[in-house]
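Take a look at this single chain in structure tokens; it is the form predicted alone.
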């Protein structure tokens, strides 16, 4: 099995790296700690063909592969970690769901502005009482003439988005779940107080009070949940790619520091304790990257396999965080300051151990794959009162 990148992929890496150094490197530190969403970066990326890499050309994308998008995340993250988020948002998750399931009209109104870098999309799925148990969501979509009325609350989405892909409940059970598109500013749609994650990223609760959704803004009707949740396998590839890329950014920073920083008259790299740290970090990054590349490559241009993305996300999340943590330790006080992006990357990689499916949920999923059976996390149902007694 050949793990060497093709000449085309290497050329693509070089092109993306050159773009990142030219357009993103100078303000990387400032951008990471800014309160403003980097919309100008999105427009630059659109001009460079880095948004919609995996989207068919007929839909305004580049017609590339999932592996191309992974390579783009890696190269951008090595120069400007914050900007790697825009590669993720412009190639994974909601945009792929839109490209796969949206009507031509919806693609024109919702997908095209994202690919041009003019608008931002966010997924509104998690609720106060429905996190990992996604199918417990309660945000209701009830018929109103030809359209729907949506009521409910979502938590943790990006409050800066222009449009939201909202998971809604049309009826009971998993088959009663689907999704609609709702724009910022729609009557009855309110974005609550902005808060911060530990990573520094913003989030805010979304409140839907009888928001009218016309029929042309229904993305997936009843029974659509299983279709759109399949997009999370691709989302997890992007999540995993950023974890490894941020870990490698920290590794590179710490390596350069260990080569130049002296203590007791010797460069840090000459101390065996640090040598072993770097050896272990290298192994973790390489192993995680191979699993990531397998998941991305085998997926080609479709949605990737659940087992391969589960393994990749679990390994990459852990490796990215552990490497960032060890890199910070190797750099000591400087690594702990905001004068470098190592502490920033550490905070970001910690969040991806929760987002997109926690590492505990990934382990549960792997157990089901290993034993070829489903292990429900819900308590057993009591059929009648006599069984309790």
Partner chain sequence: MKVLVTVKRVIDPYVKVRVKSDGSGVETANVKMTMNPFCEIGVEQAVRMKEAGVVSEIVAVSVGVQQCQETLRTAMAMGADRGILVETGVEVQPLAVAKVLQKIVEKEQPKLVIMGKQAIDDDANQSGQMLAALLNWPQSAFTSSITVNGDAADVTREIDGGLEKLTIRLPAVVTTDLRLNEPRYVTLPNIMKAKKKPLEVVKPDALGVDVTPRLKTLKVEEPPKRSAGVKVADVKELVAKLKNEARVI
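Positions refer to the first chain, counted from 1. Keep in mind it's a predicted model, so treat the numbers as computed, not measured.
Heads up, the form predicted together with the partner chain isn't pictured, but that's what we're talking about next.
Only one segment in the set 27-35, 54-62, 326-334, 351-359 has any non-hydrogen atom within 4.5 angstroms of the partner chain in the predicted complex, and it is 54-62.
Residue contact with the partner chain in the predicted complex: residue 373 places no heavy atom within 4.5 Å of it. In the predicted complex, residue 11 approaches the partner chain with a heavy atom inside 4.5 Å.
Among residues of the shown chain, residue 368 is not one whose heavy atoms approach the partner chain to within 4.5 Å in the predicted complex. In the predicted complex, the partner chain sits within 4.5 Å of a heavy atom of residue 22.
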